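Only one chain is given next, in structure tokens, and it is the form predicted alone.
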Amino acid sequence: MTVSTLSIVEQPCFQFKASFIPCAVLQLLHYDLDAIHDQISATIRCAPNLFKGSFVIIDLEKLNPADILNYAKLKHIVATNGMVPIAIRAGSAEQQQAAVMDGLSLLPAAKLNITELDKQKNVQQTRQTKLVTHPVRSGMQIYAKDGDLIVTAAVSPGAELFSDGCIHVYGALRGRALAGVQGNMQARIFCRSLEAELVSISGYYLTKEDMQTFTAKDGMVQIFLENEKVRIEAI
């Protein structure tokens, strides 16, 4: 009896796919573990679902390079508040070496600000507008790479908008809107009805609780960055 041998076609075990997964950036201004713990806990209490499960990058750019950090305790503080610390950015060589020894990855420093001439040149070369005409439902993520994002419909709670440039929303803006996600500090958010859970310009953000002090929720507003503070103004 003859037994035939079946040829097995080798199948790939994996494939790399591009993905845009936002991370929260914890920029340390002063190293005090107790104060960091209290401030993170207070932020989470105000918005318990805002950063739940988020990856966290610890930014040391504005920290004293001579500070000796206890990364184990810092990671514990972040993790016990429902977030996942994955990497550090900037810092001295000693701070970076200690972070690697404690299981954190290293990321390159944030992009440097470019001149206005370079900005105009880049805008002319790369600006592309992404138009969305359907409602953005809860759980959906929409990203406009190298340009602006325009949404003519409503954005539901739990939805997320990301843009390298500006964001324009002509329906109700709920959910989260993050403009200038690749470091464009000139980006702005424009909307007719501000009911968002979070808005962010180049990594600087306001939560829903922060925005309660802004009373004009109906009517066109613009959200922009000024002196590293997110501002909201009626138009």
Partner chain sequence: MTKTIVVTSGKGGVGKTTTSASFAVGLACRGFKTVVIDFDIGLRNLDLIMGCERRVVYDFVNVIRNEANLNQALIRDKHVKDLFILPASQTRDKDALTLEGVEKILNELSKTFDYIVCDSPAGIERGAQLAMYFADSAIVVTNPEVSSVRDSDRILGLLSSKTKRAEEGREPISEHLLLTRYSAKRVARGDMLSLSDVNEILAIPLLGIIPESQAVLRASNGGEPVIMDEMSDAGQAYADAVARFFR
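Numbering follows the first chain given and starts at 1. Just so it is clear, the structure is predicted and the values come from calculations on it, not from any experiment.
What comes next is about the form predicted in complex with its partner chain, which does not appear here.
If you check its partner chain in the predicted complex, you find no heavy atom from any of 65, 89 and 92 within 4.5 Å. Residues placing heavy atoms within 4.5 Å of its partner chain in the predicted complex fall in a single listed stretch, namely 138 to 146, out of 160 to 168, 70 to 78, 138 to 146, 99 to 107. Remark: residue 129 does not count among the residues lining its partner chain in the predicted complex, judged by a heavy atom distance of 4.5 Å or less. Of the heavy atoms in residue 59, none are within 4.5 Å of its partner chain in the predicted complex.
The closest non-hydrogen atom of residue 176 lies beyond 4.5 Å of its partner chain in the predicted complex. Contact check for residue 152: no non-hydrogen atom falls within 4.5 Å of its partner chain in the predicted complex.
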